Every structure is written in structure tokens, then in C-alpha cells.
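Take a look at this single chain in C-alpha cells; it is the form predicted on its own.
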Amino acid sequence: MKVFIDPPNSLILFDLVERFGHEPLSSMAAIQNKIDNVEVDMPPMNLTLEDVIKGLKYAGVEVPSGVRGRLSLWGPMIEEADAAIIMLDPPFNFGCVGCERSNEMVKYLIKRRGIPSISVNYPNNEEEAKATVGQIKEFLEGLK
């Protein structure tokens, strides 16, 4: 199954999803596809008109461009996902968590899709980390 991870560039969540036999949907792969595209002349100047139009599907024109840009990558992945894992209240160095508006929109899109999802709190110690990994493991095993 395809599992969207939030934050979408979390290597930890990516690895967990992959270890339990599912395909993680992450921003790393979406960005690589854009950079490897021969139509893009010079990354990071890799925004196309098509990207702008995709972003407008998920957020109106009055929404900041950074939010629309993120959603132009993440929205199609959410539409493709069979399930989702959401990490709540992660620190700023745990993936892309700097834009709360994007984060709220991602959670809304996942909820609107109605796909199986799990929200877990970011662990603050080893005991919580073990419990979090256990919750994610149980969720992923239940998807088969």
C-alpha cells in the first residue's frame, strides 16, 4: 500500500513505512522527479505553470505562495495514498514543519479523503519512542 507521511520529508517515517513492506509517499521522491526532469533548466528554479495550477486546486489564490507550492507537491501524493501517518508536534528539525498553514491543510486533505490514518505524538524520550514505533508498526501491519 502507498502511505503518505507527514512531515513529508521525514526520513524516520519513510524508513518505518518501507521496513513494514509499504511504499512511502514523500516529498523527496516528488522533488527528485522534478529535478531529474529535463524540462527544468536550473533547480531550484523548478516551478512551472502546471505546478501553480496544481497548487490552486488545493488552496485559493489568496493563500501564500509557499503553501500552494507545498500543496502542489503534497496534494497529488495524498490523492494517491492508501493510508497516512501524521506526526504531531514534531520539533522544527524533524522534516518540514515550518509552515503551520500547510500542515493544517495536509491534515484536512487526509481527513477529507477518508483513508486510514494514524496520528502519533512526537516522542520526547526513549520510552515514548518505543511506544510510537509500536503504534506505527501496529497500524502498518493492519493495512495488509
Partner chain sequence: MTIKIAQLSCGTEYSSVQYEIEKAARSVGAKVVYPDVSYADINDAVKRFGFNPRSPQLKLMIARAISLADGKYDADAVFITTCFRCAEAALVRNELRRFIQENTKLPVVTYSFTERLKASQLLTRMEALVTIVTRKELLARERQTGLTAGIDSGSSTTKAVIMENNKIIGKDWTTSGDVVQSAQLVLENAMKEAGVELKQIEAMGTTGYGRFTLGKYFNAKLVQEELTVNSKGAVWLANRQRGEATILDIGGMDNKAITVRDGVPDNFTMGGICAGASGRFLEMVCKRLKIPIEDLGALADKGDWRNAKMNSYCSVFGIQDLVTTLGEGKSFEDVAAAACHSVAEQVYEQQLQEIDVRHPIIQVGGTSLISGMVTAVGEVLGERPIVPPNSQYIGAVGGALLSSGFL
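Residue numbers count along the first chain shown, from 1. Just so we're clear, the structure is a prediction, and the values are computed from it rather than from any experiment.
A second form of this protein, the form predicted in complex with the partner chain, is not displayed here; the remarks below concern that form.
Peer 1: Which of these residues, 77, 118, 63, 31, gets a heavy atom within 4.5 Å of the partner chain in the predicted complex?
Peer 2: The residue from 77, 118, 63, 31 that makes the contact is 63.
Peer 1: Mark residue 83 yes when one of its heavy atoms lies within 4.5 Å of a heavy atom of the partner chain in the predicted complex, and no otherwise.
Peer 2: Judged by the heavy-atom cut-off of 4.5 Å, residue 83 is well away from the partner chain in the predicted complex.
Peer 1: Answer for residue 100 alone: is it within 4.5 Å of the partner chain in the predicted complex, judged on heavy atom distances?
Peer 2: Result yes; residue 100 sits at the interface with the partner chain in the predicted complex.
Peer 1: Under a 4.5 Å heavy atom criterion, is residue 107 part of the interface with the partner chain in the predicted complex?
Peer 2: Although the partner chain is absent here, residue 107 would touch it in the predicted complex, with heavy atoms inside 4.5 Å.
Peer 1: When the contact criterion is heavy atoms within 4.5 Å, does residue 53 count as touching the partner chain in the predicted complex?
Peer 2: Although the partner chain is absent here, residue 53 would touch it in the predicted complex, with heavy atoms inside 4.5 Å.
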